[in-house]
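Below you will find one chain, with nothing else, as structure tokens; this is the form predicted alone, and questions on how it binds or moves follow later.
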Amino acid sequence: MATAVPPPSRKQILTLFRSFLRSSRQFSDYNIREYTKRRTIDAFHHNKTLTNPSSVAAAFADGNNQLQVAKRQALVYHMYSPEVKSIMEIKC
């Protein structure tokens, strides 16, 4: 019989949220940085209504997996980032 995974605490969820926002700042491109930030906020707002402990634990585990993907993507994007800046990053 499988043992139930306890749902994450509020502190763990907020730590995951902050980690996502920190990882979004690692992208050098404005568009990707803002997309990652916006997608993070939208996903956490969407999952805010979850009440079933198993679905909360599943969403938290998926969030941790997505965080690892975002960190890897930030590293790869940094290695191969384009030399041209976005219009939003050019200062007048």
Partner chain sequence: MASKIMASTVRRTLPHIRPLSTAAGISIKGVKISGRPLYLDMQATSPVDPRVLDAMLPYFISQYGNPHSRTHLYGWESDQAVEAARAQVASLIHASPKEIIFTSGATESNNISVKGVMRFYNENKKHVITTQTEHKCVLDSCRHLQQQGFDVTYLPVKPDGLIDLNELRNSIRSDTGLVSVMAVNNEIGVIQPMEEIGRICMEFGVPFHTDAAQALGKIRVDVNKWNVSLMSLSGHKVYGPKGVGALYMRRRPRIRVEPQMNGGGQERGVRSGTVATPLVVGMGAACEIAMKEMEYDAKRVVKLKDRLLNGIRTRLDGVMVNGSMERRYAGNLNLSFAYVEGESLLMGLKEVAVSTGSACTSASLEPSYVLRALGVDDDMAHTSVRFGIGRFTTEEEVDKVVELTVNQVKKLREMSPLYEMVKEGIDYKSVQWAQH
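In this text the structure is predicted, and so the values were computed from the model without any measurement. Residue numbers count along the first chain shown, from 1.
The form predicted together with the partner chain is left out here; the points below concern that form.
Exercise for the section: State yes or no: in the predicted complex, is some non-hydrogen atom of F27 no more than 4.5 angstroms from a non-hydrogen atom of the partner chain? Expected result: Although the partner chain is absent here, F27 would touch it in the predicted complex, with heavy atoms inside 4.5 Å.
Exercise for the section: Look up in the predicted complex whether V76 has a non-hydrogen atom within 4.5 angstroms of the partner chain, and give yes or no. Expected result: Looking in the predicted complex, residue contacts with the partner chain include V76, since a heavy atom lies within 4.5 Å.
Handout entry: Proximity of R72 to the partner chain in the predicted complex, heavy atoms at 4.5 Å
Key = Output for R72 is yes: heavy atoms within 4.5 Å of the partner chain.
Handout entry: 4.5 Å heavy atom contact, V5 to the partner chain in the predicted complex
Key = Contact with the partner chain, no.
Handout entry: Those residues of 30-46 which, in the predicted complex, come within 4.5 Å of the partner chain by heavy atom
Key = Counting only heavy atoms within 4.5 Å of the partner chain in the predicted complex, the contacting residues of 30-46 are Y30, N31, I32, R33, E34, Y35, R38, R39, D42.
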